[in-house]
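Form predicted alone, single chain, as structure tokens, below.
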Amino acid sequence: MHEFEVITSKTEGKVLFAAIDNPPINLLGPGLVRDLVALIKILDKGDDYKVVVFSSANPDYFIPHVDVTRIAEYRAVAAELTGEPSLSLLFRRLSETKAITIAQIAGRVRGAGSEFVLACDMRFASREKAIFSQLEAAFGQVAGSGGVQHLTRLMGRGRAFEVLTSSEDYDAGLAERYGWINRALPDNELEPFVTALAHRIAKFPHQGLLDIKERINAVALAPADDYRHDSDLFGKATQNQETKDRYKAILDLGFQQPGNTELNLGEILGSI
């Protein structure tokens, strides 16, 4: 058992189960970034785990987005591993770790939450409970943590434009059809399916799994400079007055708090 701030972990053989538990709504902030830095360092050793399954302790929120009041803080924490204040480069490092990573998704996955699960090797979602969005366009920003790179490769140009410019919510069925996730499963089948898959993969020789991962990444993972550029664009936009005004307007409506705004964010973003 590892000691993390906002991740609860358990080990079953060579599989690590990591549940995100950061009340009230699992915002991505310095605590979760610190945990990811620590976890990536563990996985980089390549000794203890073949597979990691990420899930959420909150049924309504996986990671709804970053904590917009603490952007400078979490970026500084990311620099402890990447050498640069970039969540994008941290997520890219997650994609390169010496373990197969699986996101088991129920609840809202928006913004950097979506980019986190995209950095995982596979994504499976609750058909009834999972909601996906890249919301940055509503604030005058580009998806700065890998969303542009992953979604364009997974969906194709037209669908990537739709997702990245609409700031709309997408249910798991449509996310599956677009290629955002591997599969949408009935909620009661999600955890058993992912657990069985994780243990099946963990039976196989580790070096073979790492070789497969390295070759897939060679084809599908964009160069680090592309992630760096997206991160820089996101950071610059946080200083724009229009972006600041839009953040203030949505914060005044209950953004970052449990309740109607966060539950129905896609609809509300279209009205401000």
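Because the structure is predicted, anything quoted here is derived from the model rather than measured. Position 1 is the first residue in the sequence shown; the rest follow in order.
Not pictured, yet referred to below: the form predicted in complex with a further copy of the same chain.
S.K.: Might D35 be said to contact a further copy of the same chain in the model of the complex, defining contact as any heavy atom within 4.5 Å?
M.R.: No, D35 sits far enough from a further copy of the same chain in the model of the complex that none of its heavy atoms falls within 4.5 Å.
S.K.: Within a 4.5 Å heavy atom cut-off, is H229 in contact with a further copy of the same chain in the model of the complex?
M.R.: Heavy-atom contact with a further copy of the same chain at 4.5 Å: present for H229.
S.K.: Is A79 one of the residues lying within 4.5 Å of a further copy of the same chain in the model of the complex, judged by heavy atom distances?
M.R.: Flag for A79 set to no.
S.K.: Would L209 count as touching a further copy of the same chain in the model of the complex under a 4.5 Å heavy atom rule?
M.R.: It does: once a further copy of the same chain is placed as it appears in the model of the complex, L209 has a heavy atom within 4.5 Å of it.
S.K.: Of I71, I201, A106, L89, which one comes within 4.5 Å of a further copy of the same chain in the model of the complex, counting heavy atoms only?
M.R.: The residue from I71, I201, A106, L89 that makes the contact is I201.
S.K.: Exactly one residue in P186, G158, P192, G83 has a non-hydrogen atom within 4.5 Å of a further copy of the same chain in the model of the complex; which is it?
M.R.: For this set of options, the contacting one is G158.
S.K.: Report the stretch among 55-63, 209-217, 26-34, 40-48 that approaches a further copy of the same chain in the model of the complex to within 4.5 Å, counting heavy atoms only.
M.R.: Going through the listed ranges, the match is 209-217.
S.K.: Using a 4.5 Å cut-off on any heavy atom, which residues of 150-185 would contact a further copy of the same chain in the model of the complex?
M.R.: Contacts from 150-185: H150, T152, R153, L154, G156, R157, G158, R159, A160, F161, E162, L164, T165, S166, S167, E168, Y170, L174, E176, R177, Y178, G179, I181, N182, R183.
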